[in-house]
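Quick setup: one chain, the form predicted alone, written in structure tokens, and binding and motion questions come after.
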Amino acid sequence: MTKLTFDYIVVGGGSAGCVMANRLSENPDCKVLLIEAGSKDWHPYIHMPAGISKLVNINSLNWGYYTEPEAQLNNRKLYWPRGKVLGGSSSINAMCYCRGHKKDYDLWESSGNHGWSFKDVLPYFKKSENNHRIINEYHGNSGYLNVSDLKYHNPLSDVFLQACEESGYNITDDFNGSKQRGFGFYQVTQNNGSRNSSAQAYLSPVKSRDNLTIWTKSYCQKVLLEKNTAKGVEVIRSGKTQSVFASKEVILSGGALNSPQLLMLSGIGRTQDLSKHNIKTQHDLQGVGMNLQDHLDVCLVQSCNQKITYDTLCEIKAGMQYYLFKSGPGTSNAAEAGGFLKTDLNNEEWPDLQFHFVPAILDDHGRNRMKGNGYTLHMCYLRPESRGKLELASNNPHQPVKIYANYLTESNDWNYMKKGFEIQRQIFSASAFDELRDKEIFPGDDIQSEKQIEEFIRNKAETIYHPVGTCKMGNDELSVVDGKLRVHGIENLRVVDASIMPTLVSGNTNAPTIMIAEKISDEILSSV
């Protein structure tokens, strides 16, 4: 029986995987297979930006992970949604286009990752981008990924920016230009008011290529190894287990949770952990699943005395306006405005806090729908020192990996979270909100002491969906891949996704993940 063979197998059709599938199949001599565990991105709530409020409860599109009990957060198990669909988390996220700060990448370079300075990565950010408004040396205008201003925003977002200005913070119209700092409206990954996920941007235009095969609802169980060389993968497809082979490379793009899990299931990881689950070690690599980092977020929620928030939006009317005209509230990403600022805790010229403003009451990722009208300000500390890890729960590929985020285990992280909370209250107390402000919903006006605020953070802080670092790029004992994202000690195997980030970028992680895939696909094609 003839073996099913491709030149490249890309495992994971998310933010990075869609880019890899597109770019590698640009070479007509390269036969590419993209494998995605989730379904096609057919659901209408994916494409209507405001549908983000509904996506969190659609289990078929979401891996729906939970952490292990978090010691610093009153032993809560935190909900971690991740996209299980073509486009991955770019099909369910808030579409904010942020690259981070140039110092993030210069830090990667200075840590021993040659070729990853801001000067090196900027061309790939530009290559990926089709910015609809900004034309300058920091932006691209001919890439696959559409980046635009919001077609519609709630009037409260203007009030929020006025409050930021009253509080002494500058206003900007570009978080990805010469300076990151300031408050403004987020540019979004949208095209004519519709979500432009990695799948829509990179797969839809090229899915008919003869040399590109896309498998959905196909679950990769392990990488097939032979004498420390990746030969292919084992996949469950249509209820049957089959092996498929790669003549050149296997590329893992499953994200910060699934890529390290797949490595461990394949026998690549910490021998002491693999042996607990009767997995034979193929290559002892101590860093697999280690170095987990994420942005921890806390929401200040204020009641509004006017019915102008999205809480009382007529969903039928908004939906009709969107589907007929691609306009109105249906085009909103909810997190319309926000910003970056530097606190006095930080001696470097480098923003350390990020904010997202939502003109609605937001609690528990939107899963707890509350009555009334309100507005919400997210805040996260951008460069946490706390480090977590992943561990296998068993050798069953369908059992979720165990997540130990270890949030706030470093005291400095606490200092920034408390400082950020002060700034949240400062902004919401500005006179711009005077005619709109009602009582504070979370944490409540009676929460004032430092101890009370700490307890509020322990009870209410959540992820803002930026896990990275678990297949770290580098050359130290905890690194998993080299500067070209090749897995140490294994031939023909790379990891290309957010898991390779040695340190968390100062902002949202989708645009950097796409950049990483652009850079490495260029590296691969230039050596073919």
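The structure displayed is predicted, hence computed values, not measured ones. Residues carry their position along the shown sequence, with the first being 1.
The same protein has a further form, the form predicted in complex with a small molecule, not shown here; the description that follows concerns it.
Q: Would you check, heavy atoms only and a 4.5 Å threshold, whether residue 35 touches the small molecule in the model of the complex?
A: So residue 35 counts as contacting the small molecule.
Q: Might residue 258 be said to contact the small molecule in the model of the complex, defining contact as any heavy atom within 4.5 Å?
A: Answer yes; at least one heavy atom of residue 258 falls within 4.5 Å of the small molecule in the model of the complex.
Q: So in the model of the complex, does any heavy atom of residue 22 sit within 4.5 Å of the small molecule?
A: Residue 22: no contact with the small molecule in the model of the complex.
Q: Considering only heavy atoms, tell me if residue 466 and the small molecule come within 4.5 Å of each other in the model of the complex.
A: Flag for residue 466 set to yes.
Q: Can you check 94-102, 441-449, 413-421, 268-276 and let me know which stretch has heavy atoms within 4.5 Å of the small molecule in the model of the complex?
A: That would be 94-102.
Q: Could you tell me which one of 203, 145, 85, 358 places a heavy atom within 4.5 Å of the small molecule in the model of the complex?
A: The residue from 203, 145, 85, 358 that makes the contact is 85.
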